[in-house]
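As a starting point, one isolated chain is supplied in structure tokens, in the form predicted alone.
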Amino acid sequence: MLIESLTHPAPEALLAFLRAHLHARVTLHLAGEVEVLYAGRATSMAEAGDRLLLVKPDGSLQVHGPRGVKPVNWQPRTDHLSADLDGGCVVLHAERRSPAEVVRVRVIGCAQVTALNLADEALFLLQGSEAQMQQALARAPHLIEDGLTVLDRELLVGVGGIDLYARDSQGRFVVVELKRGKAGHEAVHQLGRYVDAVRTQVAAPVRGILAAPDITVPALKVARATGLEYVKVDALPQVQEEARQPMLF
């Protein structure tokens, strides 16, 4: 996991470290005094302070302060990362082309910088069964889409049972297929079959939504090509167990 770490490096040593690891698809973690300048859709500046800089293998960048969970600044994706010396300080540039944005992090003093190789191939599964997921989202359909109203659960059509049958804010019917884990081709094809079956029975437009914590890239491409939608659902509200039929004795 640990590739290399430096404590209180001089600017020249820090620059060499960053240039060696910035494009190596590793996770970089830098703690120190930094100032952050953002320019793009707006302009903002975080004055010098003790912060934590995190650069991930996909090029995303986050700068965290000592409190709270939200970064002081971040780039969800970068097209170009570079590091240079300017006035005796290392300056990290994170540029994005569309939209045109740049985050400039000036490292005034570095306490520690670390390069990590983090491997995580584990699948993410929502807690509970798909039945519990269905129950939770039936009671909180806004987690799928605002204005969604659930009409039925496990509605039987010719090709199987629809997890959630709903209507959106524009009056269109919505077929929702739920998956606790990463959705693949089969989930997309299953949703498509349900949508086609409903369209033979109603005159109004019918949408199909696949709700899951993640989806494979090929499956997402197929969904978009066939007019189906994917909604990321990675957290569920706590719901009480549905009341059981009371026993006579």
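Only a predicted model underlies this, so the values are computations on that prediction, with no experimental measurement involved. Note that residue numbering follows the sequence shown and begins at 1.
The form predicted together with the DNA exists for this protein as well; it is not shown, and the discussion that follows is about that form.
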Inset, instruction - Answer yes if any heavy atom of residue 119 is within 4.5 Å of a heavy atom of the DNA in the predicted bound form; otherwise answer no. - result: no
Legend entry - in the predicted bound form, residue 103 touching the DNA (heavy atom, 4.5 Å): yes
Legend entry - 4.5 angstroms heavy atom contact with the DNA in the predicted bound form for residue 130: yes
Inset, instruction - Verify the contact flag for residue 184: yes if a non-hydrogen atom of it lies within 4.5 Å of a non-hydrogen atom of the DNA in the predicted bound form, no if not. - result: yes
Inset, instruction - Tell me the stretch among 22-30, 46-54, 204-212, 188-196 that has any heavy atom within 4.5 angstroms of the DNA in the predicted bound form. - result: 188-196
Inset, instruction - For the heavy atom contacts within 4.5 Å of the DNA in the predicted bound form, list the residues of 168-183 involved, in sequence order. - result: 177, 179, 180, 182
